[in-house]
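For reference, the chain that follows is the form predicted on its own, supplied as structure tokens.
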């Protein structure tokens, strides 16, 4: 989430009543969760395991729960509970806006776009030209949709990220302030759910096609001309290249990458990053021919065991 206008380190620290280390006029231009930070962003870290990742990230301001030396070119804000204070800043800079009708007066809808009955379009949504939005589609605030996009009935664009911190007796929600960006010439099937970024964008690349009953997690980036079949599930912070095909019921774990032109056969489980230009199968996935060979060998195991026991 970009801050418009940017704020100083002193201002941000004062909002959460926290001490800081760094130049008081140090500029903070955005607020982002660690996976998608860029220079100028503020992020948070609250576990020693991830201190170095945050301190060495592209983020230039870090809310942290331990006094430590300030990295060169950066600033620190000290907090007893960085998660709590990060959420407080999100709520301050992007508070929830109630709806005043089925289509917000702040929405911008391009020429030639058809909106069927029962569609909800939230505040500050942008929809391009010559799109077709079928009935009972829900598009949350701030989402952006390009030209020539088709979205089928029952789909939800921009629901909150599935992101919680485990407290001793409850789950604490990290409030989402990101967006969904759908580029030109995308088609999205019925009953698809695409979650907004926690604090950045979930992006569906130009020309990509998503079948029915697909879940795309927060901050995931899908490349151009990808093809996903029914019941694919993609977790948060995944980066998928161009021309990738995921066949039915493929599951993708969080925070990994899939290279250009990869093909993953149906019912496979992806637990680690995959190189492009390769066909994969299985759970966990292997190169498809190697996996098929492995399965063929497993079928022979009962006979081999029987011979050994005999």
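Residue numbers count along the first chain shown, from 1. In this text the structure is predicted, and so the values were computed from the model without any measurement.
What comes next is about the form predicted in complex with a further copy of the same chain, which does not appear here.
Contact annotation: of the candidates 279, 283, 65, 29, the single residue with a non-hydrogen atom within 4.5 angstroms of a further copy of the same chain in the predicted bound form is 283. Think of it this way: in the predicted bound form, a further copy of the same chain has a heavy atom of just one of 239, 231, 129, 106 within 4.5 Å, and the residue is 231.
With a further copy of the same chain omitted here, the record of contacts in the predicted bound form names 134 to 142 of 197 to 205, 82 to 90, 68 to 76, 134 to 142, defined by a heavy atom within 4.5 Å.
Proximity of residue 58 to a further copy of the same chain in the predicted bound form: non-hydrogen atoms within 4.5 Å are absent; the residue sits far from the partner. Residue 294 belongs to the set of residues with a heavy atom inside 4.5 Å of a further copy of the same chain in the predicted bound form. Remark: residue 38 does not count among the residues lining a further copy of the same chain in the predicted bound form, judged by a heavy atom distance of 4.5 Å or less. Interface residue remark: residue 147 is not counted as part of the site for a further copy of the same chain in the predicted bound form, having no heavy atom within 4.5 Å. Contacts of stretch 241 to 267 with a further copy of the same chain in the predicted bound form, defined by any heavy atom lying within 4.5 Å, are made by 243, 245, 249, 250, 251, 267, listed in sequence order.
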